[in-house]
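The form predicted alone is given below as one chain in structure tokens.
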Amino acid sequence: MHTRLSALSILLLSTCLQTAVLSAQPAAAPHLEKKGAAIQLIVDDKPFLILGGELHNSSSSSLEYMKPLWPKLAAMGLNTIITPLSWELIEPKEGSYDFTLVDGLLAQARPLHERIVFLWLASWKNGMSSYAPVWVKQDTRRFPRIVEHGTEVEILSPMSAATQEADARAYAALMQHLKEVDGQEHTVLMMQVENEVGVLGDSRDHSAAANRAFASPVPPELTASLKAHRDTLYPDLRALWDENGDKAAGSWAGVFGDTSRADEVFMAWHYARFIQAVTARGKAAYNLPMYVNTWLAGDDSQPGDYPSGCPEPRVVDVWKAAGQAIDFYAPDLYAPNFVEWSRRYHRDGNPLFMPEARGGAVGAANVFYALGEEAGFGFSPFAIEDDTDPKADLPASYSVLASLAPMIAELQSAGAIHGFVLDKSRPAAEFVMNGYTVHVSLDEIFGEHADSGYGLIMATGPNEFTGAGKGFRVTFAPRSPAGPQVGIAAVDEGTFEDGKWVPGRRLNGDENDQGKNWRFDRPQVKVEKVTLYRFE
């Protein structure tokens, strides 16, 4: 008996020790993961929605400058700061690295539980090369520049193996350092590699090396990729290839035509090859999610008016053919047609993250669409320190979305969430959810009409929906008009606290249009639940 008890005790002790060891295992590094209908950012083993803001370009170059900003940013409800790290400050002398700024920013962020996405501003920023160290800038033989209209300009050429190696070496050193100082903390969530790359002022590089490459055959891996993915190519790229005979071989002008569009595809390939290589070196040191952002072109703009070769939707397929190290491509979205541009990037396995966008009231509305309708995992207005009023529109949206974040992530995965932005040009939206046709429109009561509205709706039970936003109303219709009709049983205002629903007022009468509609009035962003009933 004593022997059996001793054996049982040893077994129990062993099981407890194994459990303790397993529970002490550090969480995996931040990474992207396909979960049902969505690709989500996983941080500390849970989905994470970035409710962020990007700083001005130079703000984080000084720890003293940043010190008073952090509490103000945290008070706005931001959980993530997107901010540059420049090559010139990381490697002021070749081979000599200085991570004082990196370590200082991490130390400032952690007490406030803020996360960081770093922007690696190295060979290019907004098409130019002003963030490269001076030892790179002054050695134009070793680090050649792009030639436009017969003149060298301050844009490093992506044709240069020496420039690629120097950039990649510095980036790998940075990522190795981040792994050492943040591999357990996970303050840094992702990395943006370069910023809005491309040729500004001309459609392509006209240096001697670039001219030789342009006259050479298109790399067979590019045309093979176009052929393999023909059915899912972006329509503009497929049309360009079709118009020139769907050729599998030939010069760049021969395969894509002798136009500025061929120049753009050519530059996209060479920027992509360069940045894919830099990204791969960084990932080998510390494998965080890494993306490239885009200066968006107007639909009628010509390459060179915007950075030619940047991963615009029409050349993202070229970037993908150039390598697999980059995890996704992101729009810097200031254009008024927010919905259309969001759709152009949320396609073909590319998740939606917005590193730069308009803030204020516009951003407060658009974030609902990005997270709700396009399963986005992050939103970040630019120049966020210019708007640090915790009572402004964006903080109000962020506060509500933060309380709903676990539910949003779960229902993104299930495909049971929709978001919308409404105005006079787009006054209504309609979805099929939970067996119902859900019609959303601008709110109106007693002849007063809302000019704008925004929000999201989630199917949270068989006859239950949870919504958030303001300035809209919702009606429900059965999918089959021959079956039982639908009515509103109850509407409750409330909040989510630590994931638990805390009901407030039961809404009826004027607040619910006498039971005819589920209303979110204009004054402030609210969270409400509606329960439906069926009747013959």
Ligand code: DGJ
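When you see a residue number, it is the position in the sequence shown, counting from 1. Since this is a predicted model, take the numbers as computed values, not measurements.
FYI, the form predicted together with this ligand isn't displayed, but the following is about it.
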*Mark residue 463 yes when one of its heavy atoms lies within 4.5 Å of a heavy atom of this ligand in the predicted complex, and no otherwise.*
no
*asked:* residue 382 versus this ligand, in the predicted complex: is there a non-hydrogen atom within 4.5 Å?
replied: yes
_Given that this ligand is not shown alongside this chain, does residue 125 nevertheless sit within 4.5 Å of it in the predicted complex, heavy atom to heavy atom?_
yes
*Hey, in the predicted complex, is residue 40 touching this ligand, heavy atoms inside 4.5 Å?*
no
*asked:* Only one of 135, 431, 99, 334 gets a heavy atom within 4.5 Å of this ligand in the predicted complex. Which one?
replied: 334
_Residue (of 410, 148, 443, 196) lying close to this ligand in the predicted complex, criterion heavy atoms within 4.5 Å_ = 196
*With the partner removed from view, which of 188-196, 343-351, 169-177, 254-262 is the stretch that lies within 4.5 Å of this ligand in the predicted complex, judged by heavy atom distances?*
188-196
*What are the residues of 55-70, in order along the chain, with a heavy atom within 4.5 Å of this ligand in the predicted complex?*
57
